[in-house]
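The form predicted on its own is given below as one chain in structure tokens.
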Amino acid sequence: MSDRVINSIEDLYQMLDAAVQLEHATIPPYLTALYSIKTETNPEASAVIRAVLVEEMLHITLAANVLNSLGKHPDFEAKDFVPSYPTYLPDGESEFLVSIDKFSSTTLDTFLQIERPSKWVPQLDSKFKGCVKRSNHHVFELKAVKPLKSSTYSFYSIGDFYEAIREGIEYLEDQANQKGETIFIGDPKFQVSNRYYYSGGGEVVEVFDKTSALNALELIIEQGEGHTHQIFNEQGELSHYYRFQQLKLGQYYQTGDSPDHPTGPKFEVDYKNVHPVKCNPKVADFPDDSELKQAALQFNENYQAFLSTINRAFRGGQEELIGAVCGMFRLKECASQLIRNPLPSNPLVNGGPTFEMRYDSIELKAKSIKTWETA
């Protein structure tokens, strides 16, 4: 029998912290694809990506609420919080790369892989439940991919990662209850409610006990992976996978449809009306004295300030969250100087946001927050 992944409250803290990092890791790729779509073109693609982005912010909020209910806070300013792109995610016994890139058919395929419903999991001969042993375990940067205390095993899928968290909550709360205690000792004042959340993408679940914690995790899985393999959830909303699949197939789903066979109105996706953003750009790709480099540095400062705002929201400043979610889309104004201008070395390719964070200067961080708040 495989070992349970979560066996202590410290294990659960780390796994929930990893869940917050994982949910955030999809935002830079989705934002860049959205930025790259030219104004007044591809309304269907823009609407789908925006809707998914809002729900990813909801998932971050839900995972953070669960962590806060245990008496801990997520750290959006940790040095390893934003991965370096491209980054790997598991896809069963193989893996795939997630890049920062323009909107395209290839990018859409990656989004579908990210949100793919959980595969049937074979009987794994594994030390850790829901994991497989990989020879290239070291390539995974995101903490959510790897179980704790292992240098060789990775989760079979993101669904297995969340299943490990659910099992850990059940186990640890049962152990605590047997002693007349509970693991849900967090101060309720740190819970983010619908009052402080952008009115879109579903309802926030405030977490105070095991039932509400499991409900919050269930909503993340249901919206993200569509693990039940149903197109619509109980609220009549499409999971992320089927939202993106509509773009791939050029046709909307409607009630009564079967997976992979939408029958609603058709539409065209125009992959040509997209800015040719460089795939996985780095600040070092831009000449030292160029406007592109200055724009890339400014974007990264503003994005870092965006993360700092969210950090404060989950540490007692809930009222800042609404502005942060809306501000996530205002970052496009800052990104425009990058995505609309070609590289000096290659006029066929434009610049793009690099999402490289800097933690080496307190003064820089303070300046970033000031810039963000006055934007």
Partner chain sequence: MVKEVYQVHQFVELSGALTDFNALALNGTGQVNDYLHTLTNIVGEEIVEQLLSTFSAVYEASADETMFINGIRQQILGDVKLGPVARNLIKLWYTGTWYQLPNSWREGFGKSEQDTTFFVSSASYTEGLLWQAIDANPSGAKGPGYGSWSQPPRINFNNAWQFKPSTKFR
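Just so it is clear, the model here is predicted, and its values are computed rather than measured. Positions refer to the first chain, counted from 1.
What comes next is about the form predicted together with its partner chain, which does not appear here.
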Interface segment, criterion being heavy atoms within 4.5 Å of its partner chain in the predicted complex, picked from 238-246, 286-294, 208-216, 161-169: 286-294
Distance check, E333 to its partner chain in the predicted complex, heavy atom within 4.5 Å: yes
Interface membership of N341, its partner chain in the predicted complex, 4.5 Å heavy atom rule: yes
Partner contact for T41 in the predicted complex: its partner chain, 4.5 angstroms, heavy atom: no
Interface membership of S46, its partner chain in the predicted complex, 4.5 Å heavy atom rule: no
